[in-house]
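Just one chain is shown here, as C-alpha cells, and it is the form predicted alone.
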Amino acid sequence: MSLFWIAIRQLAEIEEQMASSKKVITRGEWEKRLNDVKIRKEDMNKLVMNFLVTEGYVEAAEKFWMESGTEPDIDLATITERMAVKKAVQCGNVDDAIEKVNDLNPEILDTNPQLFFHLQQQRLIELIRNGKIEAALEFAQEELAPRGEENQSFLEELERTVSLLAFEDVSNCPVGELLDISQRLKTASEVNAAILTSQSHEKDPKLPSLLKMLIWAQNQLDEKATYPRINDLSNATLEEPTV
C-alpha cells in the first residue's frame, strides 16, 4: 500500500522535470525512483488506523492496535456508539437515532440545524413510506413547516418531500428517490460526519483522498510522459508503458 505514497511523490517530481515533449520512462527507471523514496512504517500504520476508525471498523481497529502498537486518536468505544446511530438511520429508526445522538453529545444537533432538519425530514419520509398519511401531514405541519419559514432551502426540501403524498404510485413520482434506501444512507452519512467532527476527527478517511490524488497526478503526468502506470488501484500493479 506504501506504493501509493511513493508513486504520488514521484509523479510530482517527474512532472517538474518533464519537457514539453513526452518522455518515455522505462519500468526499470521508474522502479528505481520508487525504491529511492523511503516511507516510515509508522506513517503507513497511522493511515490504516485512520481508515478503520473513520469507517467504524472497531474490531479491526482494536486488533490492528494490538498487532502494530498504533494507538487510535479517539476512544474506540465511541465508534460503537457512532455506528449504532448510523445503523439506526439506515434502518429507518430515526427517533432512536436522534436519541442516541443526544446521548452521545446533545450539542451536535443543537449546533447543526441543517442536520437536525434532515433527520426530521427522514422521519417524515419514513411515515410516508409506512402509509401513515395523517401522521405525516401533522408532523410536517407541526415540526417541519416552522423551520421552512425560517430557511428557504428547508422549505423547498419540505415541499419536495410532501409532494410524495400526491402520488399513489411513487415509481412515477419525480421525487420518488426520496423513498430509496440511498436517501437513508445519505442522511446516515451526514450524521456520521457530524459526530466525527464533534470528536475533532476528520469526517472522511485519508486513504480515498490519497487515491484521488494519485489518479489526478497520473492524469497530469500522462500529458508529459509515458511511464509504468497504476490502473488497478486494488493491487497497485505497475503496468508496462505503451510507446
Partner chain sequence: MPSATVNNHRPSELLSRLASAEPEVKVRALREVKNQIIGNRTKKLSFLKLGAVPSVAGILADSIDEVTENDNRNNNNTNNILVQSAAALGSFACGFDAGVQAVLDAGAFPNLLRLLANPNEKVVDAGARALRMIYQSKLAPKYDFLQQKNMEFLISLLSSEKENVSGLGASIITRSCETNLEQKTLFDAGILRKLNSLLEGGSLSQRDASLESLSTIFRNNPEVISKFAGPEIGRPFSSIIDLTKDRYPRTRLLACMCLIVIRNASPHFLQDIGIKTKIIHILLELLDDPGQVGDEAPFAFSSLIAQKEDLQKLALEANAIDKLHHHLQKGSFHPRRFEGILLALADMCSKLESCRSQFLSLQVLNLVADALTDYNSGVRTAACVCLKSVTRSMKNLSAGYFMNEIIVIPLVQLFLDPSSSVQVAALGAVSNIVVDFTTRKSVFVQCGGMKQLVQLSKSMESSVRSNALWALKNFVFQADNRLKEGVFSELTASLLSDLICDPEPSVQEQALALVRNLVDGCINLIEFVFAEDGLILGAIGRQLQCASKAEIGIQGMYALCNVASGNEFHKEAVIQQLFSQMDDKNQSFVIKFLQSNDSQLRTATVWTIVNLTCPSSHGAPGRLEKLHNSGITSQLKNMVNDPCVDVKLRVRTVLGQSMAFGDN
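None of the values given here were measured: they were computed from a predicted structure. Numbering follows the first chain given and starts at 1.
Another form, the form predicted in complex with its partner chain, is not on view; read the next lines as being about it.
message: Quick check on this chain: which one of Asp75, Asp110, Glu168, Glu71 has a heavy atom within 4.5 Å of its partner chain in the predicted bound form?
response: Only one listed residue qualifies here, and that residue is Asp110.
query: Does its partner chain come within 4.5 Å of any heavy atom of Leu127 in the predicted bound form?
result: Contact with its partner chain, yes.
message: in the predicted bound form, does Ala135 come within 4.5 Å of its partner chain, counting heavy atoms only?
response: Yes.
task: Evaluate Gly131 for contact with its partner chain in the predicted bound form, applying a 4.5 angstroms cut-off between non-hydrogen atoms, and reply yes or no.
output: Judged by the heavy-atom cut-off of 4.5 Å, Gly131 is well away from its partner chain in the predicted bound form.
- prompt: Counting only non-hydrogen atoms and a 4.5 angstroms cut-off, does Lys46 reach its partner chain in the predicted bound form?
  reply: Looking in the predicted bound form, residue contacts with its partner chain do not include Lys46, since no heavy atom lies within 4.5 Å.
field: Among 174 to 182, 29 to 37, 52 to 60, 200 to 208, the region lying within 4.5 Å of its partner chain in the predicted bound form by heavy atom distance
entry: Selected range: 200 to 208.
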